[in-house]
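Heads up, the chain below is alone and in the form predicted on its own; it's given as structure tokens.
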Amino acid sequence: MKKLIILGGPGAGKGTQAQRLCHHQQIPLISIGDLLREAIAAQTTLGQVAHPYVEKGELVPDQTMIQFVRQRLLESDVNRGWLMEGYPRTAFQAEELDFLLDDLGQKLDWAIYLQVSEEVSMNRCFQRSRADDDPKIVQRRIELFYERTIPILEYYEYRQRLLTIDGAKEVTQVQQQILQQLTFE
């Protein structure tokens, strides 16, 4: 079964496409944002470490994120495949994820990149009404995306694991593009 990650800036449609893809592939969705929110709400040790960063719209430190991911990948429901959304967010995290997967006897099949313009990203974020979609936080998340996340694309492209999809299209069209590329690859 497939082991996938989905990448894109804020508002690129990662959550929507991740849910659709997981349903189609019958694999669990590992939403790092949900894991962080649940850990913060439950005030777990990792949640307490992550909380101040999440509150400011900053990236949670790599070592903390790797611990979150390791814990989740050790659960039994991921044995038949998974799709991860919201991680990795830096090239270092992408490399650490590969090391972690090697350690767990797994291998990433594809990194799916939903490419949208900064304008589309901003507009989509303002149309939804989540607490972390405050204009200043959204702008900061977009800046961080361009600063830190773009090198991930180069990392996966070099490893021949990158599928680039036009994320600005209608939801169903984006899903069709992803499924076509996964089928042909």
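These numbers come from a predicted model, not from an experiment. Throughout, we count residues from 1 along the sequence that is shown.
In what follows, reference is made to the form predicted together with BIS(adenosine)-5'-pentaphosphate (AP5), a form of this protein that is not presented.
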{"property": "Contacting member of I27, I152, A39, I32, with respect to BIS(adenosine)-5'-pentaphosphate (AP5) in the model of the complex [4.5 Å, heavy atom]", "result": "I32"}
{"property": "All of P10, M65 and R128 with a heavy atom within 4.5 Å of BIS(adenosine)-5'-pentaphosphate (AP5) in the model of the complex", "result": "yes"}
{"property": "Contact label in the model of the complex: E85 to BIS(adenosine)-5'-pentaphosphate (AP5), heavy atom within 4.5 Å", "result": "yes"}
{"property": "In the model of the complex, K14 touching BIS(adenosine)-5'-pentaphosphate (AP5) (heavy atom, 4.5 Å)", "result": "yes"}
{"property": "4.5 Å heavy atom contact, E58 and BIS(adenosine)-5'-pentaphosphate (AP5) in the model of the complex", "result": "yes"}
{"property": "Contact test in the model of the complex: V174 vs BIS(adenosine)-5'-pentaphosphate (AP5), heavy atoms, 4.5 Å", "result": "yes"}
